[in-house]
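Single chain ahead, by itself, as structure tokens, in the form predicted on its own.
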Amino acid sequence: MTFKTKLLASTAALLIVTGGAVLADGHATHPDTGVALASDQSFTYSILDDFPSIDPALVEDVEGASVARDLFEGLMTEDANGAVQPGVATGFEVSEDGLTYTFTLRENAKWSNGDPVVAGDFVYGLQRAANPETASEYAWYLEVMGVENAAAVTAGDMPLDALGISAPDDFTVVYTNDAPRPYFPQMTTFPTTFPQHRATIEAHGDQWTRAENMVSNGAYVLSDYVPAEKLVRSRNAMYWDNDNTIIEEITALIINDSNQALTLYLAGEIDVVMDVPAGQFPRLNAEYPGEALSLPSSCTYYYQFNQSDSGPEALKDVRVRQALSLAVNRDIITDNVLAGGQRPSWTLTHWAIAGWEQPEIAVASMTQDERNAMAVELMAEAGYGDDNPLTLEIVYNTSDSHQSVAVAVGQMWKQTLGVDVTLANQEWATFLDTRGEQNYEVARGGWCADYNEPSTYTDLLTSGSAYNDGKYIDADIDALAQEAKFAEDAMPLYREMEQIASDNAYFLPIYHYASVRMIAPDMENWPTENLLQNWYSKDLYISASE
């Protein structure tokens, strides 16, 4: 909902009051907070990039996952603080050995076409994600969950029905895991685990996610999608908790220029800006207190070095990678370039993840002058200098913020190490292909936690991770990751994995995120305390203007 329409709604309410209406302002009120609700319960937000997919089995980015959480509902969901809450399942039981989770489904859950949501829909959804024919980039997630036989099934070495999920009856879903994972229930809030409507997918094939075809079970249905322009979802009358849903319609506008998105917000055309331009948070916070927000966000920004056969020979030299990492002044990037509450990073795992303690990374405690001096020595030992300058290209997905960071890093490498850097930006889907196919030298990367436990990060350090786009292989890291799956206390193993990755500079961590957003003052109940920044439109509402 835009500011303009809210103003009109407020004016109408005033007329009702003047006319002696019984209602205090002519609007309904929120059942819990008592806050008067705006007449128009629709809102618009901006995102930078189009969605690679909104198919739950194929979703691989944060914005796509947010859409999937509105359109579909998993076994469990989250409250505003990120705590696990009942979703389609009313609850679960865990076996004494911690290997079996039995979920009980509510009997009034329905698909948007009126079909009941049954346990077999969850089995089908997970098997589809695991099926090599689906080619899900997130098939690895099932193995991280610990689902029995996930590795063999996703590799095509075992049949789909060998996957550790079953439906003994229509309202019972049983997961069988290879090891206890106390955080397992939270992992069922991720789209890869969501139910899917088999008849719809079999009828429409890869066109099933079109608005006219999609059948979903979440609080909203897909009502319109114009690639590279907008995605609209509207309230699902068949949703089991529809009576308690307030927001009627959500529009995601795809705007590649964050400055343009900010301009639209200030003009009252957008209610939420997901990506505020780099460096503008201090000014916006001063001019629009309460609207400009810097929120904790469990994501890490890094650069990936292509160490595959297609990558530059120089990046296969650990001394070059170490020098490039040391020469990046992370404080300047967080304090001067971004200025939005981000923190310098020397590990992939975010500082705020539950139970996490950062390992002792020696270079992290050095001054930048000391790091630069070490970097120069390492680069000289590797044979690069004024008489043999290194040239590199940094590729990033189109964004003013990514460009600002790339410019800063390029200048630091040039000034300290004499590296000649060129920059290249690409549209999001193209960029993902470029990075995933190793058609790059240095590429921007960002990883956000799928659940609140360190393995959501450290799994990326392994050679088998689908998102190890640097294609480095470290047998010690792989062994530690395997040991961690069955360890009673995996934290020391996670820290050792990060230590090895840092010592070898397999990638270049730059900063830990803070989500910097503009949120309209009447946009209520935004989950600012959810570290994973997962949000559900069904929990939001818009208050009436005063």
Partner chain sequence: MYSFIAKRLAIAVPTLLILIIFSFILMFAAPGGPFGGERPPPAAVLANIEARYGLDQPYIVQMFSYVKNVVFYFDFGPSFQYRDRTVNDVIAQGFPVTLTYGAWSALVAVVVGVSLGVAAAIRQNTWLDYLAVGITIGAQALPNFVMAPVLVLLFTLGLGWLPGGGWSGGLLIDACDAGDRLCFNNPFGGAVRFDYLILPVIALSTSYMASIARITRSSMLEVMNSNFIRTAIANGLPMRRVIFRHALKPALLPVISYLGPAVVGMITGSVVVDVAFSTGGIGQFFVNSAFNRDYAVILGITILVGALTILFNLLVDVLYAWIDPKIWY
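Keep in mind the model is a prediction, meaning the values are calculated, not measured. Residue numbers count along the first chain shown, from 1. Take the two forms, find the largest set of C-alpha atoms that superpose within 1.5 Å, and that set is the rigid core.
Unshown form predicted together with its partner chain; subsequent notes refer to it.
Between 326 to 334, 162 to 170, 179 to 187, 129 to 137, the stretch whose residues reach within 4.5 angstroms of its partner chain in the predicted complex through a non-hydrogen atom is 129 to 137.
The contact residue chosen from 356, 92, 240, 467 relative to its partner chain in the predicted complex is 467, the criterion being a non-hydrogen atom within 4.5 angstroms.
Only one of 380, 423, 226, 373 lies close to its partner chain in the predicted complex, with a heavy atom inside 4.5 Å, and it is 226. Within 4.5 Å of any heavy atom of its partner chain in the predicted complex lies no heavy atom of residue 70.
Proximity of residue 106 to its partner chain in the predicted complex: non-hydrogen atoms within 4.5 Å are absent; the residue sits far from the partner.
Its partner chain in the predicted complex is approached by residue 210, whose closest heavy atom lies within 4.5 angstroms of it. Contact between residue 257 and its partner chain in the predicted complex is found at the 4.5 Å heavy atom cutoff.
Taken together, 40, 527 and 536 are entirely out of contact with its partner chain in the predicted complex: none brings a heavy atom within 4.5 Å.
With contact defined as any non-hydrogen atom lying within 4.5 angstroms of its partner chain in the predicted complex, the contacting residues in 411 to 431 are 427, 428, 429, 430, given in sequence order. Positional change of residue 73 between the shown form and the other one stays under 2 Å at the C-alpha, relative to the superposed core. Superposition on the rigid core between the shown form and the other one places the CA atom of residue 469 2 Å or more away from its counterpart.
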